[in-house]
Ligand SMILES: Cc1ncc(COP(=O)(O)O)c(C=O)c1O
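Below, in structure tokens: the form predicted on its own, a single chain.
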Amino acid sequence: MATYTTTRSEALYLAAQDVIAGGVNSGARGPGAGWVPGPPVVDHGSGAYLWDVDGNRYCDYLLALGPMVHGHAHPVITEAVTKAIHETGTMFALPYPQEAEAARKIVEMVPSVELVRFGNSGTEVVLHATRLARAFTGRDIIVRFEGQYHGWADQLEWSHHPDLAKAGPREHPRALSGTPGIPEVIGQTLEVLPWNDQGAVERLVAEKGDRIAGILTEPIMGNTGVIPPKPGYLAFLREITRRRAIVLIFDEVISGFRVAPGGAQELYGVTPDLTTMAKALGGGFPAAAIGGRRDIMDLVSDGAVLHAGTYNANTVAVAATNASLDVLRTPGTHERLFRLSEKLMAGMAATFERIGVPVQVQGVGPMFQFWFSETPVVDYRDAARHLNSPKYAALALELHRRGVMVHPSNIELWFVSTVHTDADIDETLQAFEDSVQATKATLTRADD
């Protein structure tokens, strides 16, 4: 194992705190998220790899928490963005041809989408989706699921990773704001339910269905590790929302374009009314979109519902979107992503089995995570016992020392990109084997 040092990263992170609050520009990057004593400071990235300022090279499975679906500095995307800047400009607050070209690709790829509007972040487009659902139905309540994350905004950051001592009963949790500074009155517009529980949804809809504007869900729960839907669960949500004229919103910010060209809705064959998209959409650039049924989206078309944004559909984001979608819809792309990911997951599971550690490796193709649990994790309450696992943190540190970049908390997940290779997976599995052996005493303790 090459010498692993963090001296320059630690110094630069400390110096950054003089001018940046906490030294980082998102809570997921600092000690509070598990980067202890601080995060590696990146020098550059290329392909499936990144290098920090200490010269350590990592095979990257963090992938910027998902957007780098094509790895770093992908030549097709870099060329498209550079060309747009030089030949078109950056933004106009006026339409231009390439934005309709990108929108047409989304309509062709995503089953639910008949009309599109672009935004800049996942948070932003989910906010617009809930606004549209309320305007379309004339109702106020949005149903969401405990443990899911839909963005940092006041209307959305609720019951993400709540304190279970305050969260109430499993079958109908209390809506808890995720941070100080959010008015508690907003909670009156939300209902929180456990994920993967048909009975809980049926009971709430029977009681309050005429007041529910929308059910908002990740089709693959991907912000508490990875928790796939139970067989038939998404189809059940589609049926009950259709029957009660409730808008079904799929938050495909993570799963969109990643698990199939048309996202999780294509993979599972369930079509929502509205879909939000980001991350893989822009292939590393800040691009996002909302799309869905024409009759709902037309509320934006005629201006009845406000949708605005100075930076919406800027040429950099649109050029990246066009290029990213072209790569993603190349025949064989997702088959290869699944093959590499399943090879990695199977190898990880086999390593744990050899040392007798019970583990659940859960994922859908190129998005996955593992839990130190003897049984599958199906909702937040199952996951809560294993979140921020010291065992996982110890293993992640050993992986970093061996050149594998993952988030130090199992709240996040592993991503595989279109530029990872079989050789990368083989080398990662060897590093994983060595890391597990190095932390065997910690991993085999019964206290986590």
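Sequential numbering from 1, following the sequence displayed. Since the model is a prediction, treat every value here as computed from it, not as a measurement.
Although not depicted, the form predicted in complex with this ligand is the subject of the following passage.
Considering this ligand in the model of the complex, which of G147, G122, G283, P366 comes within 4.5 Å of it through any heavy atom? Contact check passes for G122.
Just give me the single entry in G151, P261, P229, P194 that has a non-hydrogen atom within 4.5 angstroms of this ligand in the model of the complex. So the residue touching this ligand in the model of the complex, by this definition, is G151.
Are all three of A175, T189 and I215 close to this ligand in the model of the complex, meaning a heavy atom of each within 4.5 Å? Not one of the three qualifies.
Verify the contact flag for N312: yes if a non-hydrogen atom of it lies within 4.5 Å of a non-hydrogen atom of this ligand in the model of the complex, no if not. Taking the distances in the model of the complex, the answer for N312 is no, it never comes within 4.5 Å of this ligand.
At the 4.5 Å heavy atom threshold, is Q265 in contact with this ligand in the model of the complex? Close contact is absent here: in the model of the complex, Q265 is far from this ligand, nothing within 4.5 Å, heavy atoms only.
Is S159 part of the interface with this ligand in the model of the complex - any heavy atom within 4.5 Å? S159: no contact with this ligand in the model of the complex.
Applying a 4.5 Å heavy atom distance criterion, does V126 contact this ligand in the model of the complex? Judged by the heavy-atom cut-off of 4.5 Å, V126 is in contact with this ligand in the model of the complex.
To test your reading of this chain, name the stretch in 328-336, 217-225, 194-202, 86-94 whose heavy atoms come within 4.5 Å of this ligand in the model of the complex. Of the stretches listed, the one contacting the partner is 217-225.
Within 269-296, the residues that have a heavy atom no more than 4.5 Å from this ligand in the model of the complex: Stretch hits: a single one, K279.
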